[in-house]
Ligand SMILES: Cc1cc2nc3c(=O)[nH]c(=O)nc-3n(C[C@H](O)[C@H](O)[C@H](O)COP(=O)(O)OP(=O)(O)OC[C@H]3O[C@@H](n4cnc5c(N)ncnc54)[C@H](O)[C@@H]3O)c2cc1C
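The form predicted on its own is given below as one chain in C-alpha cells.
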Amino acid sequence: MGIKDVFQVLIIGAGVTGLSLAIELLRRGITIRIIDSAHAHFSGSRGKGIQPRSLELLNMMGIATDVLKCGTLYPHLKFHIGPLSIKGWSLGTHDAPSEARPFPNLIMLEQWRTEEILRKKVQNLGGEIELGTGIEALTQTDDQVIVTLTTGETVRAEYAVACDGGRSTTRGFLGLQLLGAAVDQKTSIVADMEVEGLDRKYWHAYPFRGAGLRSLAPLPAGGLFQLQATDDISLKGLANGVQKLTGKKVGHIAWQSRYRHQARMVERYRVGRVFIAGDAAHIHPPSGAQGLNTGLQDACNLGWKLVSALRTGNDSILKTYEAERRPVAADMLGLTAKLHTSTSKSRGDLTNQLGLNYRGSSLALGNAPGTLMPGDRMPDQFLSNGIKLFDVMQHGGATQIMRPNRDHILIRPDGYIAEFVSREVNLYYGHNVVKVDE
C-alpha cells in the first residue's frame, strides 16, 4: 500500500484518552485518523470511576447525560470479618448538585461502557475507529509525522498523539521511558464476574491479613461484580478463590487482567510533532480513580491547543501542554501511591479534580479581583438569560462573561479562566469567543 493524503492529526490508540481527543478535534472541524492495534473493543470494567471534573468536560462534549444514565453512585462498603458483616462508608460522595457544581459526585461506570459512549460520539461526528491497525515505524520532518502502519500503509499527518496505553509502542519509537518506581512488589488481579447471591447493594470488602483488602464492587451493567485482589487469590483457580472468600458460587468470569503496582511517568510529553497522553505518559495504582480521568483531561487540554496551532499556523501554544499537564500527573502519581497504602475513609475534594488549576501557567494572565484566579476552573452559574454557563460552553470555543462595571472573565475552551480583562475579546488563539451576560 502507498502513502495516503496528509491528515491533520493521527491518534494512536482508541481508549478513553484517544476517543476523547478525537471528539475534541472532530467537533472543531479537524481531520483525523484514529487507529488501535487491538482487534476488538475493550470489554472490561477496569477504570470504573468518573470524577466530577471529567463529567464537566464530558458535558462540554455533550455526553455527560449519557454517562449519568448508565452509571451509578458509589455504594457503601460492607466489611466481612469472619462471621461479622459491618456496614461502612462510601468512597464517593452522595451530594446534591449545586449551581457551581452540577456534577458533584464520583460516578461508577464500567470502562467499556464509557468507551462505548465516547465511540458513539466520535462516529456521530464522522470519525471512524480503525481496529487491528498498529504502527511499525515513525519518523518526522519539520512539518509532518510519517507513520508506517501494520497494514503496510504509510500515513502522513501534521501531528500525531500517542494514546496507546501503558505498554505504548509509540513511546518506544520516541525514545521515551517511564521513569519512577514500583510502589510495592505485589501483583494484583482485577476481574468482572458473576457471584451468585451476593448482595448488590454493597461494595463487599474482605480484610485479609498479609494480602491486603480484597473487594467485590457491584457494577452497573449485567449483574457483574468487579473483583480487586492480590493475585494469590487465584492460586487454585480464580473462581475457587473467590468462592472460598465469599462463601458464594462464582458464575461467569467475563474479563480479567493482572497488573503491578507502579508509579511512573515519561520525562517529557512532546517529541517534535508527536505528543503523548494518558497511560502512555503515566501509570500508577488504581486507588482514587485518577488514571482514566487524568487521561481524559490530558486530551481536553491538548485538543483545543492542537486546533489553535492548526488554525493559526503558530505552534507556540503547544509548549503549554507539557507545562500544564506534567505537573498534574506528577501530583497524581504521589496521591495514588499514598492512597494505595492508606486506609482513607473519605476521598471527595481530595480526588474529584475540581480543585485542579493552571495557576502560574503562561496562559493564566493578569490579576484576580476576587477568590477566583486566572488558571482556575470556572464554576458553573446561571446567566442573566436563565441558561447555565456550562451549557453555553458546549460551543467549543472560548467564552467571555461580560460584567458591567467589572473586569470581564475570559474562559479557555477547556473551561479554565484565562484572564480577567476590561476589553472585549473576539479571538482567543484561533478560537472564536462567545460573549454572554452575567
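The first residue of the shown sequence is 1; numbering continues from there. All values reported here derive from a predicted model rather than from experimental measurement.
In what follows, reference is made to the form predicted in complex with this ligand, a form of this protein that is not presented.
Residues G15, D279 and N293 are all found to lie within 4.5 Å of this ligand in the predicted complex, as judged by heavy atom distances. Partner contacts here mean any heavy atom within 4.5 Å of this ligand in the predicted complex, and among 378 to 386, 41 to 49, 25 to 33, 56 to 64 they occur only in 41 to 49. Contact between G71 and this ligand in the predicted complex is not found at the 4.5 Å heavy atom cutoff. This ligand in the predicted complex comes within 4.5 Å of a heavy atom belonging to G165.
Although the partner is absent here, G134 is a contact residue: one of its heavy atoms lies within 4.5 angstroms of this ligand in the predicted complex. Interface membership of Q228, defined by any non-hydrogen atom within 4.5 Å of this ligand in the predicted complex, is confirmed. Proximity to this ligand in the predicted complex, defined as a heavy atom within 4.5 Å, holds among T169, T93, T151, Q256 only for T169. Among M193, V183, V145, V190, the residue placing a heavy atom within 4.5 Å of this ligand in the predicted complex is V190.
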